[in-house]
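A single chain, nothing else alongside it, follows as structure tokens in the form predicted alone.
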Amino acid sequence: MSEIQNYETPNSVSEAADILAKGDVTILAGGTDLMVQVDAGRVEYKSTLMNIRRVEGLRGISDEGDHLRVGALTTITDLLESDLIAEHGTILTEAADAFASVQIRNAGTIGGNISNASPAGDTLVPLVVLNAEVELASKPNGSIVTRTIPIKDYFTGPGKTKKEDSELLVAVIIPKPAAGFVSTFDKFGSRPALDISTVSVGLGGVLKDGALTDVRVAFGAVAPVPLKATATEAATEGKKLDEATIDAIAATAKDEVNPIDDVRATAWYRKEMIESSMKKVLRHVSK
């Protein structure tokens, strides 16, 4: 394990950005992923450990008119208990409810779950379905600069994102869906709690007369990054969700994924579960 030489506890985004600009910094938020990875030898602390839990303004969910702003330090429990999330992002409420244990939900943050960049991260599929963006802040020339990236484009591989080392993830922006928008999340693992997803499926769209428009589908744990399932979206768009159509859409979903074998499941099993889960979410939203 690398030796930590400096421990920083900034109180503002500006202070955190100054520390990041110096380089060689490990960011600590809830610690539910970081500490496990360090203990397992998969991650080493850099020379500076920066605990951002005291940074003002990074926790909470606010209504900004046409979108919700979710601070990076907002916990999974905060998501689960939020009326705003329940109203505009039911799929994220469902994912929070399926997330690990109560203790981990109380400590783990949405920013940490995103930054961990696991293809099986429970909040990532819902955020893709909700067309969310991440907001990053840095201080390259003495003043705070922010940029946003659609979350569907944010991940570049397992554990990797487009965030620069000098940037801090400060918020998630969730556009409010149109009237009539419905969404749901399904996660499958080998046990009902405290398990990493073997596969996960998210579905959203505007439901009218038994058909979905503005269809959004995403899959987790079947690719190096959360997968926006464009072929499955096209197969669903505008179609009456009867049993024959649901079967056809699920078959498209199965063909769209190209997972790998690993210690948690074979590629064949994951494809079968994507087909089964796709049927489940389609039947759920069509009721």
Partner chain sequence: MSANKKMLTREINFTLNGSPVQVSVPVAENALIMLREELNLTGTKYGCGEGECGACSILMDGESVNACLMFAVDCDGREIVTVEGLAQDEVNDQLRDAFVEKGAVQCGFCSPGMMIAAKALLDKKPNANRDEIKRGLEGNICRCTGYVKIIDAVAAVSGTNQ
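Just so we're clear, the structure is a prediction, and the values are computed from it rather than from any experiment. Residue numbers count along the first chain shown, from 1.
There is another form of this protein, the form predicted in complex with its partner chain, and it is not shown here; the text below is about that form.
This chain lacks the partner; the member of 49, 43, 248, 234 within 4.5 angstroms of its partner chain in the predicted bound form by a non-hydrogen atom is 49. Think of it this way: in the predicted bound form, its partner chain has a heavy atom of just one of 106, 131, 116, 166 within 4.5 Å, and the residue is 106. At the 4.5 Å threshold, heavy atoms of residue 259 stay clear of its partner chain in the predicted bound form, well away from it. For the chain shown alone, residue 252 is not a contact residue for its partner chain in the predicted bound form, no non-hydrogen atom being within 4.5 angstroms.
By the criterion of a heavy atom within 4.5 Å, residue 102 is counted among the residues contacting its partner chain in the predicted bound form. Though the partner is left out of this view, residue 69 does not reach within 4.5 Å of its partner chain in the predicted bound form, counting heavy atoms only.
Here the chain stands by itself, but in the predicted bound form one stretch of 219-227, 61-69, 235-243, 33-41, 33-41, has heavy atoms within 4.5 Å of its partner chain.
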